[in-house]
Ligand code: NDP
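The data below hold one chain only, encoded as C-alpha cells and taken in the form predicted alone.
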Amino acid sequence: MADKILVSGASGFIASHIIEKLLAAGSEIVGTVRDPANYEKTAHLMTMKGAETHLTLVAADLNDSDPFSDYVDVDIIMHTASPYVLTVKNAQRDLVAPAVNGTLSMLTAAAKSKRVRRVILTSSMAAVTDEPDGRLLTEADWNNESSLTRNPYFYSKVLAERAAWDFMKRENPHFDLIVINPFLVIGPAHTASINTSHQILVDLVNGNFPAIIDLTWGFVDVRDVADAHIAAANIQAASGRYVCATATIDMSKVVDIARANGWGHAKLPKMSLTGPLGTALTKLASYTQPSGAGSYLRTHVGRALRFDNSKIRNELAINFRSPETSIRDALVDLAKWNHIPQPR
C-alpha cells in the first residue's frame, strides 16, 4: 500500500496497530492526536520502524469546529477517534457530542478534498445491538434501544454511525464509506494505558468480580481489527458495514482460559452466579454500580449473544485469531505492564 493515509485518534489502541501495519507496508501516514508534543502519549508511535520518514503527527481535537480540514490531502481516511468509556458525568457532552461531531467533521473535511477516495469509520457492535436477544446479528441490524441514560456509550456509537450514513446519502460525496463494527477488542497494547475492554480482564484476574456471572462477550483481536481496516482500504469491492468479531465467550470460559494460561494463583472468581437466581441478583446489584456499568449489566447479563461474521471473512478475507489466543496474549501483555500478576 503506497497511499497517503490519514488516521485519526492515532495514539489509540486500535489506531496504533493500524499505523504499525501501515508503516510496515511503506505507507505515508498523517496521524491526528490531541497534542503531538506530548511525548508520553506519542513515543510508541514515533519509535515504530519507519515512523521517522513515513509518519507525521498533527493536532486535532474532536470538540473543535473543524479539526481535520487541514489534513485531508490524502487518499484514504481511517477515522478511529471516538470516546470509549461506559460511565461519564455528562453523556451528551462527554460521549455523544465528540463522537457525532468528530465523525461529521471528518466527512465534511473529506468532501473538500478531491483526493480522498474512501473513508473507513471505526464504529462498534454497540451500533448493532443494545440488548442481545439470541437472534443472529448481522450488518443489517441496528441498535434502536440505547439512549443518554441507557448504555450511553452505545448510544454515541449509534448516533455517530447513523450520522455518517445520513451524510453519505444527503451529500453524495465523491468518496465511499466503509464501516468496521468490532465487538470487544483485546490483545497486546503499545502502551501501559488500560482501555475499557482490557479493564474487564484486569478486574477478573485481580478479584474485582466476586463471582462468575452470566455475561457473554463477543471478542476480536486488535491485530485482526487493524487488518480489517487495511483490507477495507485495499479491496476496491469492499462496501457497507462489517461485523468484526471472532466468537462469543462467556465469563466462565474466560476464567478457565486465564487459569489454564498461568493465572490460577490469581484472584479469579470461583463462585458461580450464572443461573436464573444469580442473574436476578446481578441485575439487582447493578444498581449499586456506576451508571454506565450498571446499565450495561442490566441489558447484557443472562442474554444470549450470536452474530454472523461471514461478510468480513468472505469480502475482506479476514482470518480471525481464536479468542483463546487473544485472551492469552492480552493477559500476557497486561502482566508485562504490571496491571495483573505474572503467570506461573
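In this text, all values refer to a predicted model and were calculated from it rather than measured experimentally. Sequential numbering from 1, following the sequence displayed.
What comes next is about the form predicted in complex with the ligand, which does not appear here.
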Interface check vs the ligand in the predicted complex: of T129, S123, S105, N151, the one with a heavy atom inside 4.5 Å is S123
Which one of T248, N195, S113, T87 is close to the ligand in the predicted complex, taking close to mean a heavy atom within 4.5 Å? N195
Note: the ligand not shown here; in the predicted complex, the stretch from 22 to 30, 53 to 61, 285 to 293, 313 to 321 having heavy atoms within 4.5 Å of it is 53 to 61
Using heavy atoms only and a 4.5 Å cut-off, decide whether all three of I14, R34 and F183 touch the ligand in the predicted complex. yes
T80, heavy atom within 4.5 angstroms of the ligand in the predicted complex: yes
Taking the ligand as it sits in the predicted complex, is K41 near enough to touch it, meaning that at least one heavy atom pair lies within 4.5 angstroms? yes
In the predicted complex, P269 touching the ligand (heavy atom, 4.5 Å): no
Does G262 reach the ligand in the predicted complex, with heavy atoms at most 4.5 Å apart? no
